[in-house]
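In the block that follows, a single chain appears as structure tokens, in the form predicted on its own.
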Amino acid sequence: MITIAMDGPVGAGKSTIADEVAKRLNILHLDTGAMYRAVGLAVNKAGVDMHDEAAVTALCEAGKAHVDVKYEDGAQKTFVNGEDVTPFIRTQEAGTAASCISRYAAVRRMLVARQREIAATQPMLMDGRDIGTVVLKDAPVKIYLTASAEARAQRRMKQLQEKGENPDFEEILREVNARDYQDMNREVDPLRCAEDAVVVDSSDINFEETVQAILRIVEEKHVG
């Protein structure tokens, strides 16, 4: 059974790249970022202050931010408290909330346990911020997918433009850098590259080249 752990900073394209790699390997892709975003949405919906760790912890311990994942037609659907929140987890609101609540130990304990449960049952590519360093420390294949802050901001700006928005590049770049700092300096499970991970920098290569680079690593590690 093949298990792949993929980590990297915000905007590196982990979700879309992981989706494609998983499809070509005919294994499932678990988007852990979607799970944190789902909890963030639950916190907001409950009217809880996302900056109040004690209140967020109480919500989780009361079972009021229960996350589940189902696969339909080869795609992940994310549920929180039984509600399908898949259409909402890519919003700015969800991303901001996820970045905040992902720092809290109770949230991470809850979701890491759930992620390990899922990964133990089937071949899996799991992506996030702490997969190779915390969730799946024994994964035989670890990828750290990254790109320059400028490249990631440019991609985000293009996504927003395609949605009909008129974003400011400098503002997006500031957000990317702020998110990097927060993810890499949080007290609980900060983002870092696992010692045995292979780094793939997609700053100057396109989508297909990135996918091929990862498939080569998987083949070398898995066959080897």
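Since this is a predicted model, take the numbers as computed values, not measurements. Note that residue numbering begins at 1 and tracks the sequence as displayed.
Although not depicted, the form predicted in complex with 2'-deoxycytidine-5'-monophosphate (DC) is the subject of the following passage.
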Practice problem: Heavy atoms, 4.5 Å, 2'-deoxycytidine-5'-monophosphate (DC) in the predicted complex: which of 93-101, 117-125, 69-77, 143-151 makes the cut? Say which one. | Solution: 93-101
Practice problem: Please check if Lys64 has a heavy atom lying within 4.5 Å of any heavy atom of 2'-deoxycytidine-5'-monophosphate (DC) in the predicted complex. | Solution: no
Quiz item: Should Arg179 be counted as a contact of 2'-deoxycytidine-5'-monophosphate (DC) in the predicted complex, where contact means heavy atoms within 4.5 Å?
Solution: yes
Quiz item: Does 2'-deoxycytidine-5'-monophosphate (DC) come within 4.5 Å of any heavy atom of Lys45 in the predicted complex?
Solution: no
Quiz prompt | Partner proximity in the predicted complex: Arg155 to 2'-deoxycytidine-5'-monophosphate (DC), non-hydrogen atom cutoff 4.5 Å | solution = no
Quiz item: Does anything in 37-57 come within 4.5 Å of 2'-deoxycytidine-5'-monophosphate (DC) in the predicted complex by heavy atoms, and if so which residues, in order?
Solution: Arg37
